[in-house]
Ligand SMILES: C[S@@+](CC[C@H](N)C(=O)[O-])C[C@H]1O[C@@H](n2cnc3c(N)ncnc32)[C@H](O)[C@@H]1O
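Just one chain is shown here, as structure tokens, and it is the form predicted alone.
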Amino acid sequence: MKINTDYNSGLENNLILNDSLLILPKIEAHSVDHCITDPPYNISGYDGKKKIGWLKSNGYWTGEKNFNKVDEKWDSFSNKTYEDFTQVWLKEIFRIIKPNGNIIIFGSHHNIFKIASILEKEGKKILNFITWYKRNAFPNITHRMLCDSTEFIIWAVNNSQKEAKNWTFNYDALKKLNQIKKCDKCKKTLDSNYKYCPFCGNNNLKSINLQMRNMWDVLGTPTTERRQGKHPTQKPIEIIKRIVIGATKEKDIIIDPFAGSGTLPLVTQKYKRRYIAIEKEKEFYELITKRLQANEQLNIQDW
């Protein structure tokens, strides 16, 4: 397998094994259409982080449930180091992305507010916060707080609140993906899984499409998408598919400075976009290569 460790502007797509902080400064200003990325959340090593001491001796969670916390070197920072790291890569993204290009970033409560704060300080227009509801989220094993079953996606425009205009938003394409049901009798709108109306009992339900909401009920990554290997924070194709279809156009270049398992390159390949994907860890670079080569023949809608 040939390994690419540097950026080449002449390539249709770039998959790069390197540190994004070393590669981003090499990319020409305003040369990339959009950024869609899932950066480190700093779950593994923030200041004051406590170890779950009883976990190692708990056979139920470590054995039967095969529970593994996200505990990775690439995701471990002090609070100050993480803030500095986030500011550095975001400022490079602001330089690289074209004016009014979309910047879409995943996060959890560990990091999303820091990212939002930087976007606001830099004067970027924030369009939406998307809440991703993971119906099959792993339970909270401490029993001392609510089960954390959501992640967040912040959607910003690479321009100021005043100057932002003409950003890409494919309203109709997203509406086609948001199919629900409507009761013919009481006219209530329902989740697409309903077989009958819970309000009036009518079983004559009509499928309709509504504008996409900012609450996405998408299952976590299925095992069928892990056939080439596993990544501890792999995102499902369905959620990346919605973002790519809704926020980019065919032939657009999308950069992901933290490519992870390569779901973004995989989806861009399918939907005729181009990508610059940077991954620091060799094992995940190899995973991305395997997934792209296999082209993931998955049983998902429109795949």
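Throughout, we count residues from 1 along the sequence that is shown. Everything numeric in this text was worked out from a predicted model, so none of it was measured.
Only in words, not in the display: the form predicted together with the ligand, which the text now covers.
Colleague: Please name which of the stretches 247 to 255, 234 to 242, 27 to 35, 268 to 276 has residues with heavy atoms lying within 4.5 Å of the ligand in the predicted complex.
Modeller: Partner-contacting stretch among the options: 234 to 242.
Colleague: Does any heavy atom of F85 come within 4.5 Å of a heavy atom of the ligand in the predicted complex?
Modeller: Answer yes; at least one heavy atom of F85 falls within 4.5 Å of the ligand in the predicted complex.
Colleague: So in the predicted complex, does N13 come within 4.5 Å of the ligand, heavy atom to heavy atom?
Modeller: Output for N13 is no: heavy atoms all beyond 4.5 Å of the ligand.
Colleague: Is the gap between W74 and the ligand in the predicted complex 4.5 Å or less for some heavy atom pair?
Modeller: Close contact exists here: in the predicted complex, W74 approaches the ligand to within 4.5 Å, heavy atoms only.
Colleague: Just to confirm, T289 within 4.5 Å of the ligand in the predicted complex by heavy atoms?
Modeller: Looking in the predicted complex, residue contacts with the ligand do not include T289, since no heavy atom lies within 4.5 Å.
Colleague: For the stretch 269 to 288, return the residues whose heavy atoms include at least one within 4.5 Å of the ligand in the predicted complex, in the order they occur.
Modeller: In sequence order, I278, E279, K280, E281, F284 come within 4.5 Å of the partner.
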